[in-house]
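First comes one chain, alone, set out as structure tokens in the form predicted alone.
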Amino acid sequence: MSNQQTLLKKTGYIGRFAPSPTGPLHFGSLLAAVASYLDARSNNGFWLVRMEDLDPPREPSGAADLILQQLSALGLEWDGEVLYQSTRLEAYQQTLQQLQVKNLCYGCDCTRRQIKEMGNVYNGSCRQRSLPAEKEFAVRLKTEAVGIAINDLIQGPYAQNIAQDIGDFVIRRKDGLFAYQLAVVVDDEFQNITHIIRGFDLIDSTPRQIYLQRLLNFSEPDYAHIPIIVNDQGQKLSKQHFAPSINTENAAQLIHRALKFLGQSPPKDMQQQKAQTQLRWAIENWDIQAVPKLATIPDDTLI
């Protein structure tokens, strides 16, 4: 029995936080960490950390270690060893080969401009083509016009028709790197993840991941998508938009602010308590139904 299966047998709940190490944590990624941590701990579950380090050109040296240091400084202690996706390439390749043997995917050399001209929904134009092995091409998964529906624990019902709304989607990029959609599905199954609490910007990826899970006969986790934080231009708070790193010297204030954004209404005087003390209160009082649905603009700069 694997370590993950042992954990699952103990509690029936395994959650995870899976940052991409493209830079230190900002307040938006902190919210995802706190929400997933609290939901796991309040359900007497396990909370794992996975580094989605599959894009080396975008990953500064030391970023993964810095993220782990930030989590520890905030009192967000994880269970077991950190899983690095860069160590899982063989598993992704094996899954890709399974799909290829079943003729469920194909090569595609279409450009972004061509896809934009399709209305950003891929029309399957490369399905019948045979690309030379020496040519750079992406690998797309064949999709069918089926509806995929979820009952998000925060957002409520959400559905897509995969073929109509998304089209055949990429599972290995043109540069040879494995795509997020494939890697996350393979690793969630490997780690026996039962609950995924993450940002709303990823909700449109969820039906694609469920589609893959069903093709591969994998289990389907429960999903919850917290509101994203946006800047005053309405842009998602992200490294791409130069979101500042959190300062863990302000750990108590950061945790208090995160709890407020997540709708948990911590007592005002609790801001003076240590981060770990606040987290203990939050575990006992966690209410996922109180988490707001909509994006939020921070009201000050302590992020």
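Don't overthink the numbering: it's just position in the shown sequence, from 1. All figures in this text were calculated on a predicted structure; none of them were measured in a lab.
One more form of this protein should be noted, the form predicted in complex with glutamic acid, which is absent from this view; the next part is about it.
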property	result
Which of 177 to 185, 158 to 166, 142 to 150, 117 to 125 lines the interface with glutamic acid in the predicted bound form (heavy atom within 4.5 Å)	177 to 185
Residue contact check: L215 to glutamic acid in the predicted bound form, 4.5 Å heavy atom	no
Interface membership of E52, glutamic acid in the predicted bound form, 4.5 Å heavy atom rule	yes
Contact label in the predicted bound form: R198 to glutamic acid, heavy atom within 4.5 Å	yes
4.5 angstroms heavy atom contact with glutamic acid in the predicted bound form for L202	yes
Those residues of 57 to 75 which, in the predicted bound form, come within 4.5 Å of glutamic acid by heavy atom	none
